[in-house]
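Coming up is one lone chain in structure tokens, specifically the form predicted alone.
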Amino acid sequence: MQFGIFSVSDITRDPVSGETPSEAERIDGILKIAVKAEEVGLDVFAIGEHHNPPFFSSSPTTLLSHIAALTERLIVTTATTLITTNDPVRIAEEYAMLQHLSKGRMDLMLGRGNTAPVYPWFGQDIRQGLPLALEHYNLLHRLWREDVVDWEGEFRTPLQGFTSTPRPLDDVPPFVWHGSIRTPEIAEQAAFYGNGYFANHIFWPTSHSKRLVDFYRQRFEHYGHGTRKQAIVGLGGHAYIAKRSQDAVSEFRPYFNEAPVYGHGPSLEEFTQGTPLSVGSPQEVIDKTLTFHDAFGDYQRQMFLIDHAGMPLKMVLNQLDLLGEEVVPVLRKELAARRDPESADAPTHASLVKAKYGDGPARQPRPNANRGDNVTGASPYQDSDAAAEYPEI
């Protein structure tokens, strides 16, 4: 079981102090948060992808590769990589590079995002959001597994004899999670490929997320990747922790009331009762998180949002201390005791390499520009005017 934190990268006014951090302060702060996550014993750090204010994470691979360089064992990943508006060729290249730079300490979560204007900014039509998500991942899946790809689809120019570089580390593609809060087609796609399914599990009652997770597990088994118990499931969550529950409520209330995604709706008490939001003492957060296992059974990754809505860095770092010292160790022990021995472990690069090669050596692709693609040896200049200009090729 992996535990971690994720950030949506918002730059929001602190409702208590009235101060709004600069982009530079917020970016520097997220580095400190990620490093702290490793220090307190967490396994995973994730960042979202946004291309509009008030968010800063427009280039998650750049940020995550820097975090990987600052840490030793932390898995870096995305809370959303926009599969709709990013070119799958660029995703293949950038995340393979991140995989090499992090020595395999990475994976990624694909999603459609929740910002409508991003589609025309990147030349896409939001009305095609679901077909884009499905077609783009189908191509990405091939780019990481086939050295030479011929492809034609609806939403981008065709590819002929294309090799994405760098090739995945050890010729093992990064593990992919498909994230969705409402779309069964995304759960179906995750199941078809044997990938992970991540339910954000913040805004909706547990019963809503459970329907999608149960559907994914059923389809995972249908496609022959293993039993329902062996399906790879991740859950989000939002927690605010204090030594005493009354302090947690009073400290978190102003941030909840003004939060862009929570504020001006149901009260904190109503939201805590009706959704997975956890606000309270360490034991109360432990108890609430254990109800996730009651509903979903064994799952492989639990992520917490802890830096949202203008919360100052000092308060976030304190949350990490409480999460790492008092909450996660108990959850690890309790969930390990409940774990069915047939359930799958959380995937890592090492486990994926082991599954592909056993005890044998991993393949190390060596594409050579002077011989064209790295399988057929066809020249990139073959049958072109360039062949006369470069006769040695």
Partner chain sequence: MTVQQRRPEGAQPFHLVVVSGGTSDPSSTRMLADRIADRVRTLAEERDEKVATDVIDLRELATEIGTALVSQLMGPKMTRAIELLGRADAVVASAPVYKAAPSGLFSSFFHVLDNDLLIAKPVVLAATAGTSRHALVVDHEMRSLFAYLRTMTVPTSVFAATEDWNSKELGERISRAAIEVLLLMESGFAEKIRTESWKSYQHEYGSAGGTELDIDLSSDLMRLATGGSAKPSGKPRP
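Remember, predicted model here, so these are calculated numbers, not experimental data. Residue numbers count along the first chain shown, from 1.
The same protein also has a form predicted together with the partner chain, omitted here; what follows describes it.
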{"query": "Among the candidates D294, D150, E154, D125, the residue which, in the model of the complex, approaches the partner chain to within 4.5 Å (heavy atoms)", "finding": "E154"}
{"query": "Option touching the partner chain, based on a heavy atom within 4.5 Å in the model of the complex, out of G194, G161, P266, P254", "finding": "P266"}
{"query": "Whether E49, S57 and P117 all lie within 4.5 angstroms of the partner chain in the model of the complex by heavy atom", "finding": "no"}
{"query": "The partner chain contact at L130 in the model of the complex, heavy atom, 4.5 Å", "finding": "yes"}
{"query": "Heavy atom of L212 within 4.5 Å of the partner chain in the model of the complex", "finding": "yes"}
{"query": "Partner proximity in the model of the complex: E185 to the partner chain, non-hydrogen atom cutoff 4.5 Å", "finding": "yes"}
{"query": "Contact test in the model of the complex: R219 vs the partner chain, heavy atoms, 4.5 Å", "finding": "yes"}
{"query": "Option from 301 to 309, 87 to 95, 279 to 287, 201 to 209 whose residues, in the model of the complex, bring a heavy atom within 4.5 Å of the partner chain", "finding": "201 to 209"}
{"query": "Contacts with the partner chain in the model of the complex - residues in 134 to 159 whose heavy atoms fall within 4.5 Å", "finding": "L134, E135, N138, E154, F155"}
